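Single chain ahead, by itself, as structure tokens, in the form predicted alone.
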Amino acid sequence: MSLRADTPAPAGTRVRRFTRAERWVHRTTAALMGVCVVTAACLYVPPLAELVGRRELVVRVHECAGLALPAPVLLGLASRAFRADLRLLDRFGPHDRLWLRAALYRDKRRSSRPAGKFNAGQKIYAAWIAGAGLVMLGTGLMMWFTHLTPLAWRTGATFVHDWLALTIGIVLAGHIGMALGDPEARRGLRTGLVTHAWAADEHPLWRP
């Protein structure tokens, strides 16, 4: 029998937040994204470029990691739980507007931040990073297959790719910072389980 996030439960009771397939998708995507960020830094930051050297190899690793980035999500679609989470991330309801308003005004009261399994901030991040990833993939392909597009397109693609990469790096740093501040959320991604108390506190509308 599933536990409701708004019903009393013994201290330390845990509920399942993510399945093994969902955790695999997150970890693999994070690893590939990390490779993309690190190799991009080695290509564009002069001290790192000089330290690492072997620019051609770094470029190939960057390209392969970028091409592989959508694979975990596509494979994850075989999981019913993962598909259900994607539907939840894609829905923005009235309670999400309340959560955003409270976040903007720094209102930390639980009653002012209603959230289902995912809060409004997580939904916006997921949508943004998915869109940014597709743009990076498209512009990266234009930069790679130079004979398929006009020079003006490649120039524009390079500009968008470089500046969007910087933006992604900043957003990812914020995402990691938020995760570091919430050990229970990290435990959920590591083990799939979170405490009932945390679920009731952070995601009061979630019904595990």
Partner chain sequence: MGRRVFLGTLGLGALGVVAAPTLQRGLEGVLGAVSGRDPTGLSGLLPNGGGFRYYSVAASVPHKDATAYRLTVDGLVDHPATYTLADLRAMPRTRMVRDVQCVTGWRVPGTPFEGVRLSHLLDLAGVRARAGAVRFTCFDGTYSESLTLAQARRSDVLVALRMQNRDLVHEHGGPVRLYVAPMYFYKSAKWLSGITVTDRVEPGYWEHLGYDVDAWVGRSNGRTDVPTG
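Just so you know, these numbers come straight off a predicted model, no measurement behind them. Numbering follows the first chain given and starts at 1.
Another form, the form predicted together with its partner chain, is not on view; read the next lines as being about it.
- Every residue of the trio Glu50, Ala127 and Met142 has some heavy atom no more than 4.5 Å from its partner chain in the predicted bound form.
- Screening 52 to 60, 30 to 38, 171 to 179, 65 to 73 for residues having heavy atoms within 4.5 Å of its partner chain in the predicted bound form returns a single hit, 52 to 60.
- Proximity of Leu148 to its partner chain in the predicted bound form falls outside the 4.5 Å heavy atom cutoff.
- Interface residue remark: Ala132 is counted as part of the site for its partner chain in the predicted bound form, having a heavy atom within 4.5 Å.
- In the predicted bound form, at least one heavy atom of Arg154 sits within 4.5 Å of its partner chain.
- In the predicted bound form, its partner chain sits within 4.5 Å of a heavy atom belonging to Phe92.
- Contact annotation for 160 to 175: residues with any non-hydrogen atom within 4.5 angstroms of its partner chain in the predicted bound form are Val160, Asp162, Trp163, Leu166, listed in sequence order.
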